[in-house]
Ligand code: CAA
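Just one chain follows, in the form predicted on its own, and it is written as structure tokens.
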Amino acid sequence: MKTLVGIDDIASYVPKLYLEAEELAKARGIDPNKIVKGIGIEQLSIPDVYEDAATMAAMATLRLMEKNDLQPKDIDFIHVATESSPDAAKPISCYVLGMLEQRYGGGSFAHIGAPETKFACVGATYAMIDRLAYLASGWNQRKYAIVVGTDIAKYDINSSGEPTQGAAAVALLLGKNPRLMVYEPAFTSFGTVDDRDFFRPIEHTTAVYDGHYSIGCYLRNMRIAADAYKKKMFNSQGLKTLQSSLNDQIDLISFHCPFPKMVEYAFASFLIHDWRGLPKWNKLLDSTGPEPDRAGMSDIEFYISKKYSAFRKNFTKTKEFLHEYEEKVVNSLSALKLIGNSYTASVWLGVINQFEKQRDDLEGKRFGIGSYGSGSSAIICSFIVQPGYKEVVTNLNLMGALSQRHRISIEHYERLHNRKLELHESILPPKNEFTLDHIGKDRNNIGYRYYKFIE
């Protein structure tokens, strides 16, 4: 009998501070509409001085364990994905283990596996696939594995990336016969190319990126992965022909979201490729005008060309696109507009948001994931929503947590960004959370990070 594995529950952690995008725009002499409407970000999630990717991961994991009444003995792995690691050798997962043992007892997690995965924003999806495969193999000794995506998206002040900053962590509880969603491994597909669209050299605290070029990489890799997914579905007889619409087989979608407008670009490009050649296509072209000729252009040159961008913009105004976007995608973006980019956590925050916002019965629906990481790789995979999902959804509480945050000024934001505050000079006093207590300065512990739970 086939072993069903998937996501049993999800927990999130978002810092308690945020900056209004409008205030950032005014401070930079930018029209606020270019951020709020142009890229779709309304607020930026900002970590306090005592927070880092490790504390956020530990908080998301603690919340996941507490709400499911789990003990260390129930867990096989805590597998963390991040591109915000403070250490080039020691994985964040071991720091998380140490923090959790402050709550569950010294040595209580000594039995677990604790790897870290890095592949920019797609890392948590790769980690999830690894752990689900381990569970499906029957190698697991305990009931669950936990995968965490945790990141702080940080860019130079006055850079084009600054308005997309954000921070969050998401913890996925993985197991057999899950309550939330069952994974469909047969369809999982990849699109991977060696690219320079976004990277962070070891000596840098902020990323080096080419935003325009990265958009092209995202769209190209998603198309490669979508074509592979479609072929696998056809081979399994899930599609009648390779010319059938893949979109018709997917009920909900969450894309990686560097900024919400990028999700619109991604879904529009997916539908353009999916619908091209269908009976409806010629009617659509009556509204959009002809699709641009791509002769002599590479994939990326075409996707970032002015002609294709204009065509895609016209496409997003059609009633056919708007109907699909409203039905399948838009509910994944409410929280992301209030957080900004969170790299590995982003696509999974969208999943949480879909479940919190949807009012229709989702049992049996196919939930598609479009995960992307610069450098570059896309993963398209899917799940089937399970009968027990409603029990899980009532305790997700992402939107509730966002409503309780503290607004900070541009002055506080810049002091935090530029590391002008000491660890004891937090904007809000920590309470019931893990904190970065101090960093080693001696010869044998220089740079080592020490964490503490504050009651």
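Sequential numbering from 1, following the sequence displayed. Remember, predicted model here, so these are calculated numbers, not experimental data.
From this point on, the text means the form predicted in complex with the named molecule, which you will not see here.
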- Is it the case that Cys121, Tyr218 and Phe259 all touch the named molecule in the predicted complex, with a non-hydrogen atom of each within 4.5 angstroms? yes
- Query: in the predicted complex, which of the listed residues (Asp31, Glu66, Glu414, Glu391) lies with a heavy atom within 4.5 Å of the named molecule?
  - Reply: Asp31
- Answer option from Ser214, Thr318, Thr188, Ser85, heavy atom within 4.5 Å of the named molecule in the predicted complex: Ser214
- Query: Picking from 102-110, 166-174, 356-364, 335-343, which part of the chain touches the named molecule in the predicted complex when contact means heavy atoms within 4.5 Å?
  - Reply: 335-343
- Give a yes/no on whether Ile408 approaches the named molecule to within 4.5 Å in the predicted complex, heavy atoms considered. no
- Message: Although the partner isn't part of this model, could you tell me whether Tyr303 comes within 4.5 Å of the named molecule in the predicted complex, counting any heavy atom of the residue?
- Response: no
- Item | Partner contact for Phe255 in the predicted complex: the named molecule, 4.5 angstroms, heavy atom | no
- Task: Determine whether any heavy atom of Ser245 comes within 4.5 Å of a heavy atom of the named molecule in the predicted complex, and answer yes or no.
- Result: no
- Query: Using a 4.5 Å cut-off on heavy atoms, which residues of 152-173 contact the named molecule in the predicted complex?
  - Reply: Tyr155, Ser160, Gly161, Thr164
